[in-house]
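Shown below, as structure tokens, is a lone chain in the form predicted alone; questions about how it binds or moves come after it.
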């Protein structure tokens, strides 16, 4: 007997499509509409085509913010991924110590982003902050993140490492716990040392998890806004002004809706292209693991 197929199940998915259309597609189309017009006020819009896109691509401010953004994202990935693996390897595997360590590691992730910026704004101050006092008085370094560009940059990087490395740790810890004990037993029989166990068992099994961690941390770091804005306000000068802060400055500070819309589309396409590359790498790695 032939089975009859019913497509009524799509009706259950229809509300989701409508919600996505309302919350994502319609605002995106509005931004696209603004990006090709010059807005003077309600009902006063003039077609300019790709003029705003050309202006934004020629903008020195955008190029500077993009370079700072790429350097920042690359820096935190280079530091956080190895650090997260090392911490996950050092954490207990079983018992109450494992539960306690997971709770302690996850604590920074529970703190709101604006609170993180405020915490580090106070902590890193040289006059009242414990961190600033230690660096200045105990180490003898003239540290001042509000006046020195390098100090501000280092402070933002350290703050992000403190806040988001736990995410990498939790992902790596879950990946390590998913490795069957049979692999470790075989390695023990062969007399493999700790480095060889890591090199030939743990690291290959963590490839998929690490790619997810890299993708998540790249997207988060490339869209960072609240923490450095609260901590340094993008300064001193433009030392810690990233793409998101530059976008807010154009859209709200200068109220240039057309250029801001074009800027946001370029910003979106950069993140989309990078995420597409990471996704394809993850798919290829997954196929290799199954093979």
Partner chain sequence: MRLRYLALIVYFGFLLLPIYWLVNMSLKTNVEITSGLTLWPQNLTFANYVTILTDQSWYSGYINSFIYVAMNTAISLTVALPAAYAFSRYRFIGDKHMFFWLLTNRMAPPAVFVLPFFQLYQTFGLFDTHIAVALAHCLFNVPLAVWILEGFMSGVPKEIDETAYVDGYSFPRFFLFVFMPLIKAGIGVTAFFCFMFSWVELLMARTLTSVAAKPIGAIMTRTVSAAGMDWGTLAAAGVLTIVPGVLVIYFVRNYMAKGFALGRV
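By rigid core we mean the largest C-alpha set that fits within 1.5 Å across both forms. This is a predicted model, so every value here is computed, not measured. Residue numbers count along the first chain shown, from 1.
Just so it is clear, the following notes concern the form predicted together with its partner chain, a form of the same protein that is not shown.
128 is the sole member of 128, 74, 150, 189 with a non-hydrogen atom lying within 4.5 angstroms of its partner chain in the predicted bound form. With the partner omitted from this view, the residue of 219, 201, 154, 81 that lies near its partner chain in the predicted bound form is 219 [heavy atom within 4.5 Å]. Within this chain, residue 193 is remote from the site of its partner chain in the predicted bound form, having no heavy atom within 4.5 Å. In the predicted bound form, its partner chain lies farther than 4.5 Å from every heavy atom of residue 197. Shown alone here, residue 122 lies within 4.5 Å of its partner chain in the predicted bound form, counting heavy atoms only. In the predicted bound form, its partner chain stays beyond 4.5 Å of every heavy atom belonging to residue 140. Taking its partner chain as positioned in the predicted bound form, the residues of 217-241 that bring a heavy atom within 4.5 Å of it are, in sequence order, 219, 220, 223, 225, 226, 229. Once you line up the core between this form and the one not shown, the Cα of residue 14 ends up 2 Å or more from where it was.
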